[in-house]
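In the form predicted alone, a lone chain appears below as structure tokens.
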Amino acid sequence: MRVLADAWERAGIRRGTAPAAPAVMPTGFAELDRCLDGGGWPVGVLTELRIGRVGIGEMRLLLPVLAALGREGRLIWVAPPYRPCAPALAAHDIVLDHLVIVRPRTHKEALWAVSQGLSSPAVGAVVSWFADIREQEFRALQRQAAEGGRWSFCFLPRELAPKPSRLRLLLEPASRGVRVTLARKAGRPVAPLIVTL
């Protein structure tokens, strides 16, 4: 090995390091960034988003980060509850050629699709929707998000028992936006804030 290193040095070739991936990605909403540890969505974390019903603006909360991550890699959406509107996504700078929609037939297939997305270096972010998920399944996806260093967002019904999340957001409709209540790993809630959309 030393001979090879000496040869590289004589040739003027130096070893470098790849730039480190950012630990967080800004949300695109300053008021939300101020409340999140590190100032944005954390990488390697399965962020849990709890909603009472779909269509309250929950996806608009993710569009800025998905637009940024989709320029570099694939965006995998597993089991979205509605058909995405391509013109609306394009208007928010989502690269449609990088968006992969997975419509699994079973819960097991949904878990498999999320797992594959979290372990692929070609994927920028995974967004999933589950009507229910067992704690051990959630923990397994969390491990894969951490090991793969991916941004991952999981929408769950508000009434499910809490999962062991590092970051949980409770989302409710609000005039001109979404009311967000943060619950961190230790479960300490943060005062709700309104994110204007």
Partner chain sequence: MLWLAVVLTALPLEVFASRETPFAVVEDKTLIGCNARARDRGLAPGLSVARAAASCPSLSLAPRDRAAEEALLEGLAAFAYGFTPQVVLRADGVLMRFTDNASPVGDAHRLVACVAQGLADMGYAFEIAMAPTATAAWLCARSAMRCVWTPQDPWRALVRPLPLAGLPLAEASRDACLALGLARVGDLLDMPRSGLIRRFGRDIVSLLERLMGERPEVEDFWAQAPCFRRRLGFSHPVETEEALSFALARIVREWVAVMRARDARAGGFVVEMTHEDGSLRSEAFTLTRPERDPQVLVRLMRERLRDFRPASPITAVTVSAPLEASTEGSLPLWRDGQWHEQGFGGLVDRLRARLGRDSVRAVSVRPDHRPERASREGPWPPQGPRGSAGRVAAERPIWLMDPPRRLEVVCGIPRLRGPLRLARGPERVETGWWDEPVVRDYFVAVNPAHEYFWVFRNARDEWFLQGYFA
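All of these numbers come straight from a predicted model, not from anything done at the bench. Residue numbers count along the first chain shown, from 1.
From this point on, the text means the form predicted together with its partner chain, which you will not see here.
Distance criterion of 4.5 Å from any heavy atom to its partner chain in the predicted bound form singles out 59 from the list 66, 59, 141, 156.
In the predicted bound form, its partner chain sits beyond 4.5 Å of every heavy atom of residue 107. When contacts are judged by a 4.5 Å heavy atom cut-off, residue 174 counts as touching its partner chain in the predicted bound form. In the predicted bound form, its partner chain sits beyond 4.5 Å of every heavy atom of residue 131. Taking the partner from elsewhere, residue 55 is found to have a heavy atom lying within 4.5 Å of its partner chain in the predicted bound form. In the predicted bound form, no residue of the candidate spot (145, 164 and 166) has a heavy atom lying within 4.5 Å of its partner chain. Shown without its partner, the chain has 58, 59, 60, 63, 74, 76, 77, 80, 81, 82, 83, 84, 85, 86, 87 in segment 58 to 87 as residues with a non-hydrogen atom within 4.5 angstroms of its partner chain in the predicted bound form.
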